[in-house]
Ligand code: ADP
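Single chain ahead, written as structure tokens, the form predicted on its own.
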């Protein structure tokens, strides 16, 4: 046997040995980055002289590019928690962090910038403008953010982006339809597309299927799952329907203002 053949045989033997050794090792743990976190979050509301505690020290971590669902009965504090994450309200105590930076104590202008550039918001009610088409409703945030002259200068690009998003959520054939011509599921998917027009990294959804029947609700959930995969979004959804949470990557349960263990 030539020296070359002997060397090749030895290399093959070593490779097989290494492969067997690698196969016997446990897989490396996947380290996921925390997109958002809360520490000791508390929030109360006042009815006259009566103080009503809603959140009573909430600590959560939300993983980046994952689908997290916050579930709980009415009054458990889940919508309050989502509004705090979105910086639409401020906690009485505790901290909220996004990408390792505290955001609950930012000035109002910086919070607004965060909502415009980093967060997309979806609510139970669609808030579509009845006189505008589907495409025009999706473009509204761009019109508001840019002002008239800047928007007109970028209108063609924005319309192309909005059209692509609507095609992604299955509404490419409904661009010129007005809300009165859409089903409930189509209106909610229009609202989802509108939330994506600024290319956010985090999508915050408050009971997005609350006004929909089972079929339309499943349709919206499928759309959200598709968007998480296609756009690598971090999605945080609030719902009282535990069935809607079954395909989530992470489920956080709130009971009486606290995270259930």
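Positions refer to the first chain, counted from 1. Just so we're clear, the structure is a prediction, and the values are computed from it rather than from any experiment.
Note that the form predicted in complex with ligand ADP isn't included here; everything after this is about it.
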**Message:** Please tell me whether any heavy atom belonging to residue 79 falls inside 4.5 Å of a heavy atom of ligand ADP, as the geometry stands in the predicted bound form.
**Reply:** yes
**Non-hydrogen atom contact residue 54 with ligand ADP in the predicted bound form at 4.5 angstroms** = yes
**Asked** Is there a heavy atom of residue 73 lying 4.5 Å or less from a heavy atom of ligand ADP in the predicted bound form?
**Response** yes
**Prompt:** Any of the heavy atoms of residue 49 lying within 4.5 Å of ligand ADP in the predicted bound form?
**Reply:** no
**Which of 39-47, 61-69, 215-223, 189-197 lines the interface with ligand ADP in the predicted bound form (heavy atom within 4.5 Å)** = 39-47
